[in-house]
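Next up: the same protein chain in two forms, each one alone, written as structure tokens (structure 1, then structure 2).
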Structure 1
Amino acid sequence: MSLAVTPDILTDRLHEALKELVSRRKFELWFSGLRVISQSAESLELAVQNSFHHEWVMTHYTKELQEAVQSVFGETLKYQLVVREPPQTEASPALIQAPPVADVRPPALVDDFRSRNTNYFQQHSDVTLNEKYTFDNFVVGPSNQLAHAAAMAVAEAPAGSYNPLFLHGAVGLGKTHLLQAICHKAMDSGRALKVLYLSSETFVNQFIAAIEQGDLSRFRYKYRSVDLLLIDDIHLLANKERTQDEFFHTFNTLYNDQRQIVLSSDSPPSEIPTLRERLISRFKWGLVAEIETPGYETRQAILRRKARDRDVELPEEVLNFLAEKISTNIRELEGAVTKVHGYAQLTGRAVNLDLAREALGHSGDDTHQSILGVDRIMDVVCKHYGVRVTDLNGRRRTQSIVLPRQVAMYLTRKMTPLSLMEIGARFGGRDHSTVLYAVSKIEERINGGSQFAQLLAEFEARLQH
């Protein structure tokens, strides 16, 4: 095949034709990287720089592209659009090209990207982002300052200074919150970004499923083609050697392509048991930031914030009481606000120190806890939801049963001294991880909405009397 004119010239012509058909900005965004690769009598091969552009052009601009091709090459020529990296790869195509417009992007364009980014996220992640987990809602104090600043930097300029970003800290101190805040901010930044956030568990499960279905290549493509990969609770990869190896390769690919990786864990890299040495060393390449337990002032600030968000008035003395009493876990601080509020509503009393003491005291009271039986909890929950105890213990997984089952497990965990295993056994012989999962699901829901939180507070109050 000999070309009458070079592909470069054809590319220029095609560009000219496209400029007639779409706005300048759209041309810059979507077509400036489009190239003619080859042309024969029957077909024309075109390339764009990445799969994101490919998908976008194919879903939004086939008509314009067809028209431009026709105007340059004649009526009958069919084209094929492929993905191919630009010939002289520059050192840092870290992100899928940022639009070449000024820093302040027109709102319409930002919206465009936001919905595009959100779509990608929703299609590829099984997690719904908690809309409250934003930077705006994150209270910064000395205990989390570094982690917060690094997370902000990463969201603003992925694959810039801190790659990977590794956040670690005990449970309930804001790791998930920060990871999701990065997602929100990055997806809102007015750029096309493939953001993927998932739990280690999902990564493991999908990896196993891919092996079983003999479909590793799709699995790999999915994880290795993102701009920002965030994996929560990476310590759960301990003991999962094959998954660790797979992750190692994913990590390398992304890192080499200058894509951002963010990880969270309950301990620093070197303290995750059975984590392969080569992963440990890679995790330390970027920035390792610890989130520590918040000091008294930060706890006060968080309480103030949570009370305000929930429209709850907390007198100073109550606030100080809670800040003093609950010192290790921010989720529990939140829970305390909800509980005090729920208790006040339930009893029709004003929020004051006495009431706060009572509200907290009850569930912390050991004698109460040991007396309360699982049967009683099941009974109260079943009555409320209109299901039977045999349903709770059975295998059905419809939402109408799953929710009451999880609520009952949560209450049992909270209000009795039974271990996770014992609770699992009482609920139809389930294992401890099922109980743990139920508890975390319910906690999430409690923090997600005041109505549900109030319902749970009512359950607790009813069970305590």
Structure 2
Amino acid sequence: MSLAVTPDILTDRLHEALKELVSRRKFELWFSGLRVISQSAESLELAVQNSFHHEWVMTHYTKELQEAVQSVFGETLKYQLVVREPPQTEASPALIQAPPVADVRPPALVDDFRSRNTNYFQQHSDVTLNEKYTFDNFVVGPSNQLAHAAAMAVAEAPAGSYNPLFLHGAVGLGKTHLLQAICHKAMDSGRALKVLYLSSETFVNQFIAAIEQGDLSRFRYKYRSVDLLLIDDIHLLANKERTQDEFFHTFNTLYNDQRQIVLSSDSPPSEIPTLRERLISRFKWGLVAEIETPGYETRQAILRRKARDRDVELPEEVLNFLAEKISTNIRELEGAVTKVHGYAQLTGRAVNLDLAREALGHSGDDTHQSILGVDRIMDVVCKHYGVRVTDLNGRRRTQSIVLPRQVAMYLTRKMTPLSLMEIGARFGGRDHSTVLYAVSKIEERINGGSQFAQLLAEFEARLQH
């Protein structure tokens, strides 16, 4: 290769090769910031701008990247992908404003920023951060990998590539943990940052109070002068049109001033009822990441972490039992560890499989059987209507999906001891009112036609054998 060929030229060539292998959107999202740092006869060093890009590219696009490298540099050249911030230029004002690396600053200055950040947070936020809700204590698995990596990237470089960051998923899967982890890391970054974290309900209540007191200017200054705004349960803005208008302008101000916005919800933006289209559009500007129900292996890892935090030793057979028995959310897993540990202390016995079964009791066995029953109900309903279980748990609202979902909810309510909230959790994290509505709709159809009533009777008969 000629010495006249600069890294910038090589970067352009690599970009052109990647554009042939991935879609335009994927290129802009994951590869537009990829740079060639150096090249030798045997190796090539490439850089991306943060750890999130590094993890995502190495997990999902190694094949495409290797193919692009080979097409530009030859079959035998090996590459190394590293994390390195782009060089500062006059054309990138956001980078010019980036603070110095924290570890070369005087410790006293870092401590001063940390203290100031904490004082601001405590004076303005309506929550107290849980010391355990950090990135180090978050168990990462396939169900939450993207959300975790994106949250890390936001905490390391606010208002960078993922603004806003919108996290969604069912109750108890870790959204609040990630939001608080962002707060911890940002406030401990060695920079002066105004971090504001609150619930959507607080935003609504404070907005109403500001209107009543004629003090909207102070309200707007509070929310529009921060560096990071994190709001939990943004779906609670549904049906609140004037509050949506106010948040729309707050969002625009923060975004245009290159301030970071992080939101959480139990639904993706497009499925929040009555949310205005202009807000839905803005929520999608950055990155929308779903946190799904953890798989078996992730549940095992969570149980190990929770047991270690409590200095409890759980035998492998007990870990396996709890991971199989509890599949809805992380809070139930944590509760199971506490219950088993407490029962062992109360009875003075060692923790083993028999004790774990006793600790969870007959109600626990009923719940396990109910979960198996729900799986069976979903299977029968899906086969009849020609849909998938993922459709029942998803957010699509077409009639071809809504009716089977309501039928399955109705049968679960009638044939298992699960509560409305437990049923909602099994069907994609829906709330109890959704389940209640589904049951009432199916009862109306049963009362309105003998043919539909006969179909439901056939379902019940099949499930009882």
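Start at 1 and count along the sequence of structure 1; that gives the residue numbers used here. Rigid core: the largest C-alpha set superposing within 1.5 Å between the two forms. Note that the structure is a prediction, hence the values are computed from the model and not measured.
Between the two copies of this chain, it is structure 2 that is the form predicted on its own. In the core-superposed comparison between the two structures, the C-alpha atom of E75 has shifted by at least 2 angstroms.
The two forms, fitted on the rigid core, differ between the two structures by 2 Å or more at the CA of N393. Taking the core as the fixed frame between the two structures, we note the C-alpha of F31 moving 38.7 angstrom.
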